[in-house]
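Okay, so here's just one chain, in structure tokens, the form predicted alone.
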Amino acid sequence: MKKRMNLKALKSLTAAVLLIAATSISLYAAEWKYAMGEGESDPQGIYAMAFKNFIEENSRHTIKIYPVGSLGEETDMMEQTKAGILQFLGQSTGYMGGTIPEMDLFTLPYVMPTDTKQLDYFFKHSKAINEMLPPIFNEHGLELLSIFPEGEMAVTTFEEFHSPADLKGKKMRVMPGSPILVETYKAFGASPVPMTWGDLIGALKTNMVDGQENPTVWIEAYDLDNLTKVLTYTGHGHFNASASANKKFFDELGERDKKLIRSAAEHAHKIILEEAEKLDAYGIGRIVRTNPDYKIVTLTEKERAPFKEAAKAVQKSFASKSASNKKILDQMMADLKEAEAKTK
């Protein structure tokens, strides 16, 4: 009789434990909000959807995605994330320089390589990204999850240019929030005009600006080739993006959820590295097929030389702004040198 009572008690206890566990999982299931500066089919969207799918397949949590324009401009989304209204943020590094000055590192001209193998190695192994930037993000109320490339920058204009002299007086739209982008186009001879993405289309249609820069996936997707006449590869940089979380939200999570989010970020990072190169090629391929009269120019090394020379002043300016800027730029250059050596 005693054995039966013990067995019965054990079964009751087991059932109670399972019920408590199930209830706890249900209670802690949450809907997290993720806003980004691009659409769901764009690189940031591909990253976000891979992140979302991993979270939802490996937990009871769900993620609601807010694409570009859903919650205001880039600065609005940044403020909402820092305030804890949003849990996650996907944003171009070019927009972040005004908030996190060190992020202008990724918009410096003629620093990042154009070789995709070198880029992949750099973004996976860089000490500047993986060791130096996370505590800097923490100071701004954010938890850095990933930084990844979206494609080589191309410049679209109404007229051909082959030298800084050709750009003299040309009004070039640049992303707002990045002092380095303004300095870059001034160094290149142009007159930079900081402008939100929402205003760019109208500005091109009304000739308020004479050109802009973006990776080809964006140029093709949003018909920027049909609003200009020439696309030029200058080799001056890549378009990069970041994914981050609100730090307070992240810090208050249990270890299981922190590990889940880190794993989701690693998964999404791998996916976007595989897809970004395809998207870049797809963008230029579509432009060639659908807009055969559109002129595509690749500057020669000789033509790039004066742009590279002008870029040195911008790099020096970035380093001179703070000890933190100089330290992270020095580490980035070391990381890129390692990436070049490792991918030969």
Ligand code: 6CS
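For clarity, every value in this text was computed on a predicted model and none was experimentally measured. Sequential numbering from 1, following the sequence displayed.
A second form of this protein, the form predicted together with the named molecule, is not displayed here; the remarks below concern that form.
- Heavy atoms of every residue among Glu150, Trp197 and Phe239 are located within 4.5 Å of the named molecule in the predicted bound form.
- Proximity to the named molecule in the predicted bound form, taken as a non-hydrogen atom within 4.5 angstroms, holds for one residue of Asp210, Glu74, Glu183, Asp225, which is Glu74.
- Ser92 is the sole member of Ser178, Asn246, Ser92, Thr156 with a non-hydrogen atom lying within 4.5 angstroms of the named molecule in the predicted bound form.
- Of the stretches 275-283, 35-43, 289-297, 57-65, only 35-43 has residues with a heavy atom within 4.5 Å of the named molecule in the predicted bound form.
- Under a 4.5 angstroms non-hydrogen atom cutoff, the named molecule in the predicted bound form lacks Thr234 among its neighbouring residues.
- Residue contact check for Trp218: one or more of its heavy atoms lie within 4.5 Å of the named molecule in the predicted bound form.
- Residue contact check for Asn214: one or more of its heavy atoms lie within 4.5 Å of the named molecule in the predicted bound form.
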